[in-house]
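Next up, structure tokens for two forms of one chain, structure 1 and then structure 2.
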Structure 1
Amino acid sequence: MARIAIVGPGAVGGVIAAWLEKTGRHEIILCARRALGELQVETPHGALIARPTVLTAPEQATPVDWVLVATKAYDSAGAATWLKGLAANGAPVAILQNGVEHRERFASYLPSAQLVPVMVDCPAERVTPTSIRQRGTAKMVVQDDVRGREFVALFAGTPVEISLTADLKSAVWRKLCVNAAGVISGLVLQPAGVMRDEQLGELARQLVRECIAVGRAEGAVLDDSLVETVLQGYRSAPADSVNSLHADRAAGRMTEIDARNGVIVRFGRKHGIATPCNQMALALIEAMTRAASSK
């Protein structure tokens, strides 16, 4: 039995916690800002109810076998406050976050050998603090090495799909292409069905084309067909599905805009690649966030 701490019991963290507890092989510990009761997760395979141990302060943390960080990218520093206690004995720390800078966000807190970057694609929404709707299969990709294979073994017997790859860089950039287009919902505050509009569909294509160009400059292998794959993925999703950037902006919270579109702009500048659509999306979301926070 492994002791697994999950930092950040949001939509993704809650789904992962529920499936890991369902195996009956692990002790699950949630690290949260406030006390939580039982966790209810509606999944494509039926309802799950999880009753993990919940810690509400980093000083309560003791060493575990694995740490899974599922906070938003902008809260990495907050997540890191838990690591001193949880990873004190050298536990591997899997980073289940958006973007392409998983190691960079935690490099100042832990040795690189302890960090396990994970590409995560889990279509889920938090309905209430203790209720989550998982709309589709949770999928993850990790590097094909010792730590990656150990991570896969944690989920044995669950419907969570985890792939091993020799090229994690390309996997996280492919996911970034999906996230880049998702900023449209964050801008217009409408769910995935809005992508069926032809003009917005063309904007999504351009956001993805820019991401592909920058990703290739960074060494990722990205096919041109990804443009249509991303758009069709949004158009075939439930019309009322809400991505995390949309949900955060609608609630007046901080957003992951830097990890999703800002990184494309930053890396584009490094390589001399123009990214006007992503730059505009970044500027608009940041301006809207500032306006909301000043009210």
Structure 2
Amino acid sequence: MARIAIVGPGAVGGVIAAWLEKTGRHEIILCARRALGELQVETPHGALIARPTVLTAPEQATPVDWVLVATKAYDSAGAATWLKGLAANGAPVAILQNGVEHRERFASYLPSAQLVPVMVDCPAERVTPTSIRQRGTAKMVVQDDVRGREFVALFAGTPVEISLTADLKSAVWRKLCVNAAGVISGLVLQPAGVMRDEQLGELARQLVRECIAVGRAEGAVLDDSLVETVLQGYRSAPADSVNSLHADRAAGRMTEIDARNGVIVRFGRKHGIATPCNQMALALIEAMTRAASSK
């Protein structure tokens, strides 16, 4: 039995909480910004109902065996306020977020050895604060080390698929290539089918080429074939698939633009690599977000 705290009871946090609770082996504690009742999670494997303990203030947190952070990247500072109590005894903290800066976001709060970056691919959305739809198999990738193997063991007996890799850096940069191109849907507010357009397809290729160049400078192993693989992935997805940046913009919420495209621009600058397409996408999304919030 492990005591597992999940910070951020959103789409990913809710799905993960429900599957971990279903094992019957763990005590699940949800760290939330508001009171929540039971969670209803519709999954490809049937409906789950989770009744975790819910905490609503970091002062209520006491030490646990594992912490899983599943907030948006831009909410990392808020998520970190829970760690003083939850990770006081040295519990490992898994970061289930997009992007390539999992460690950097939490480096000022905890020693690096406590942090477990996770590449998360869990197609899910919140329908209401307590009802979540999981649209496909939840998959994650972690580094093949002692902590990574312990993380995998937490999920034994669930349909959550977790792979171990000797090279997590390349895995997260590959995912970033996919997310970098997804900004096009966020800009034009049209789902994945829009990538079938020739000009937008060419723009997607360029966004990915820049991501590959910067990722390689950071030490990731990224094949040139990723350019077409990413584009074909979007073109063969259901035409009405909506990525989270698009969904967030359409709903007037903050976006993870910095974690998805901003990081390519920032790291590009560091290495002297030009990233004009990502830079333009970043500037446009930021300008539109500012305009929307000033209304």
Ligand SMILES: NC(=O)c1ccc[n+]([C@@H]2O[C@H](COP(=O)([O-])OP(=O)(O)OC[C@H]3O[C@@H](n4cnc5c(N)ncnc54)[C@H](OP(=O)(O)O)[C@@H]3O)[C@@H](O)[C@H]2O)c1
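Each residue is numbered by where it sits in the sequence of structure 1, with counting from 1. It should be emphasised that the depicted structure is a prediction, and the values quoted were computed from it without experimental measurement. Between two forms, the rigid core is defined as the largest C-alpha subset superposing within 1.5 Å.
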Which of the two shown is the form predicted alone: 1
Hinge rotation between the two structures - smaller rigid part turning relative to the larger, in degrees: 10
Angstrom shift of the Cα atom of residue 241 between the two structures (superposition on rigid core): 3.4
